[in-house]
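Two versions of one and the same chain are coming, encoded as structure tokens; call them structure 1 and structure 2.
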Structure 1
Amino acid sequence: MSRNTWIWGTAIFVLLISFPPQWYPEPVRLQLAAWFGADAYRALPESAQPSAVKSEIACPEDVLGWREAQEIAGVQIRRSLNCVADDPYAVAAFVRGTNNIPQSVLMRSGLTQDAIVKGRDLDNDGDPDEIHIRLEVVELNGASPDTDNLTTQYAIAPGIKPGLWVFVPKMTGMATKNFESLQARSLLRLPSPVIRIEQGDHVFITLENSHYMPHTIHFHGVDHPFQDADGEGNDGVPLTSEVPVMPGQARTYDLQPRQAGTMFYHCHVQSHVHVMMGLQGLFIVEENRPNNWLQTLNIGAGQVRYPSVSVKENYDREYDLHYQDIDRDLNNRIQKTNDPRLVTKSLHRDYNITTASSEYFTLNGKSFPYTFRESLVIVKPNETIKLRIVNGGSSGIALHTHGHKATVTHRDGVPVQPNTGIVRDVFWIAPAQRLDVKLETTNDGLHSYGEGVWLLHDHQGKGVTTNGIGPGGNISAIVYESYLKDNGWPRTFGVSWDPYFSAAYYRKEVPVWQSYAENLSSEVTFDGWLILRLLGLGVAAGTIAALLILQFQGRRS
């Protein structure tokens, strides 16, 4: 017997004995069983021990007392029942204006004295009508020349830190919490702040471009002239109205909206990129009322702690809800380099939005479970709640309210006719579309089913995941105060949430049900026999392939 024949025989023999029987086609398995008898019972592999999960604290302690109702600089700030609240000193500055508050309040707010300047009362009704807002652009989770770590870090969920650009109010001091931290301070976050003004106000918005990219602001749906009084572009669109605001430069936009409603604003430079990077926010024009001091900015959206006069006339509470999705392939390009030339090439020439897909889905700049810290819609029975909703993402969302059916009162800032206000529990919201929704908590089996912790989420499957892992995404809830703990965390009666507050869970390292269905969902122990079979199969297949190649080459020569 020749050497090649022996090798051929050995390789085929190893191939046959290594091939896992369960891989044979069913007719072959049945014939083999008829010839040699059925295989003996093979027990399933043992379950591995449950993974050790290191979880974050679900609800951080409110050490600064930001959640409490308080009066600051004459501003009565409502209590925040959510676990994590916004800075009440910043709220006071946004209401009175940074030029009208004591220096001690200004310093604690972290804003510059010209960040929100409130001037004359033009219609003599007791509130300022000249408003000057100054915004900057900040990069979050970007590359740094000084460290391999991301800088100005902002997490949307445990361990999830996509690259972002956001508009922020003009601030003093550092971008991080302190000299030893890389964490962004509370004013620097996704989404860009909600802007609130009054119908008829003369508003100046200055973009001081502190970023390395050119930017503009386009006021989407907001009444504004195409050019200002000096003939300068006023629409924020480089294609038609103006050259973008270059790094280190500034431009002031001039507007005096005549119609109230829930609008939108965003950068319009390479808008398919800049908008999705996070340069977008709600722009709300409130109805004109006497003595109507407004919370000009709402950082991070969520609860409005100082509602307008017109809202208080008709509603018990008000919430701003900003939905957005994030494509890692786009956003994380700024984490590879901080060279503006390379970033520009990567975003504007290498990135192709027509092949894009989103992995992260946020509500008010957070994904589940962080949404439960600060973006719960907290209510009591027999209340009427105003929800202002914008879809800032790249695809539509089907927003579903568990336990409630609500009514759309406005679309894109325009009131719907009273007889067309359909009561429903799923609302379709297209990209850039805004809805004003009236949520009533009367327990009548229609508007509300009663008290509880009722989910609020996009009913498309991907919207409730984070990089394909669920639960995640934009899941939040309508929570009744009777189901809320003192620290702002809801009382739930289901599974343990510990895995969801672990970065390992969203790295796909933790079986989803291991804490309460261990044998069903645990990892499988190492199957050594199967590995040996596969190794033998690989060696035999490789040997046969090599022999075939040698034989073919021999015939050609």
Structure 2
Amino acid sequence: MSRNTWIWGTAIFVLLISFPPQWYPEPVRLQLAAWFGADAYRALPESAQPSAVKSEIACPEDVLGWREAQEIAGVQIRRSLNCVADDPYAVAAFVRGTNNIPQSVLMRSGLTQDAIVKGRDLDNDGDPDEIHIRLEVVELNGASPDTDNLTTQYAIAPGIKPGLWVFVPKMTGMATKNFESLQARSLLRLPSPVIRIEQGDHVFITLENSHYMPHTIHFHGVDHPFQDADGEGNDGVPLTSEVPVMPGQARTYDLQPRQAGTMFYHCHVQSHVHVMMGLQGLFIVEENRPNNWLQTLNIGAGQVRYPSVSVKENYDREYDLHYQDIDRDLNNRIQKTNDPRLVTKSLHRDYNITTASSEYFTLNGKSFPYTFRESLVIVKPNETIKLRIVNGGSSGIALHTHGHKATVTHRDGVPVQPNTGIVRDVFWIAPAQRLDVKLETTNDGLHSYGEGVWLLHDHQGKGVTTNGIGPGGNISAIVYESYLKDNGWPRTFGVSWDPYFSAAYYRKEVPVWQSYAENLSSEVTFDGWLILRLLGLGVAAGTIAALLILQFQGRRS
């Protein structure tokens, strides 16, 4: 026999024996089984050994004592029971005004002296009614021309840092915690701060556009004139009222709202992009009361540590809840290039929101498990709690209160008829819609089923995930104080949360039940035998192809 015949024979033999049996058509397999019987037992591939997960500390220690109830510059600041609290010095500055506090308090707040200026008492009822707020625009998790490290970093969940734009109070000094750190200061975060003013206040809001793109502020639902006294645009809409505030420029909006209610504010420049980048916040007009000093800003929303007089009349506690969703394909565009011209084109021309979908779902600028550090609704039995909720996302949310049925008192800042107050456990909130919800913790089987750690989340499946990995998204909880540890972390009785505090978990590297069912959780190792067969198959097929080509050429010549 010639050498070629040997090669042909060997190649066809290897091809046949290495062809994986599971790839034969079913009739062939059945016929083979009829002739030779079932295949002999071979153990399935081994389970992979679970890898050790490096987890962050769930509840960092409150070294600076920010959670304590304290008096600063004459302001009685309530205790914050959540693990991570707002800076009480900033709270004091927001209540008294940055022009009315001792220099030492102002310095520790990090704000400028003109950040929140409180002026005259126009109606002589013991509180200031001229309020001048100065806001800057900050980019979080942005690009650098020199490194792949993001600038002014802010994580919404372990390892997750989408590009964001936010309104922030005017502050002094460094944007990061120090020169060595890349972490944004606590004042710089998602969401943009909640603005709180009193009905009838004369409010000036200066937008100091410190960002590299044009922006405006539009007051959604807040009573404001279309043009101010000087005939300048006051509605924040580039199409109809004014040219946007360009980088390096400032504009002052002027309003005196006649109606109270939970409203909204946002940038209106290319709003399908800029609002979703994070330029949006709650705007709350409180009812006018004597001696009603307000906490003008609530950084990162959440618990109101200095509630208004009118809220205190009817409620034991107040929480601002700001829901958002993030399409990382949009938000991460600012990280891909540093040239503002390329960023501008990428955001406003290449990105197409009509084919977009969101991956991240946040409550007060964080996704689970970070929501549990600072956005728990903490309650005691027989209390009445005010929740002010906005959906700043691109689609509706179906907010579900485990263990409670609560009452809608206002929709879009307008009271609902007293006797038609809607008691329910799922609240549908359209984009930009606000609900004021009265949560009663009376254990009557309707308003509350008793004490516990009761989840609070969007009931749409995607809302409780982070890019499809659960638990994530906007999961938070209504937690009774009896279920709260001293450090503000809830006592839970279920699975370990360690995996959720690791970036690896949200990179999909941790098997789903690894922490509590190791044998069930494991991923499967490779089938080495099958890979060997595939290699043999490939080599044999290649040899046959080469032989065919040689033969074809031989015939031609």
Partner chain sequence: MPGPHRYCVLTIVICLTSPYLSYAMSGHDMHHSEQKQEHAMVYNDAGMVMNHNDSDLPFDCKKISRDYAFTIHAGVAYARDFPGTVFGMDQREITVDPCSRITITFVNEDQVRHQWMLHGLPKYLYDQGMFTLEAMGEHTQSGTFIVPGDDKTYLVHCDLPQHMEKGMKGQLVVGRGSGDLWSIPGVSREFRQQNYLPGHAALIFLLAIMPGITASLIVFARCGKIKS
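Each form is matched to the other, and the largest set of C-alpha atoms that superpose within 1.5 Å is called the rigid core. In this text, all values refer to a predicted model and were calculated from it rather than measured experimentally. Residue numbering: sequential along structure 1, first residue numbered 1.
Matching the description of the form predicted alone is structure 1; structure 2 comes from elsewhere. On rigid-core superposition between structures 1 and 2, the C-alpha of residue 45 is found to move 2.4 angstrom.
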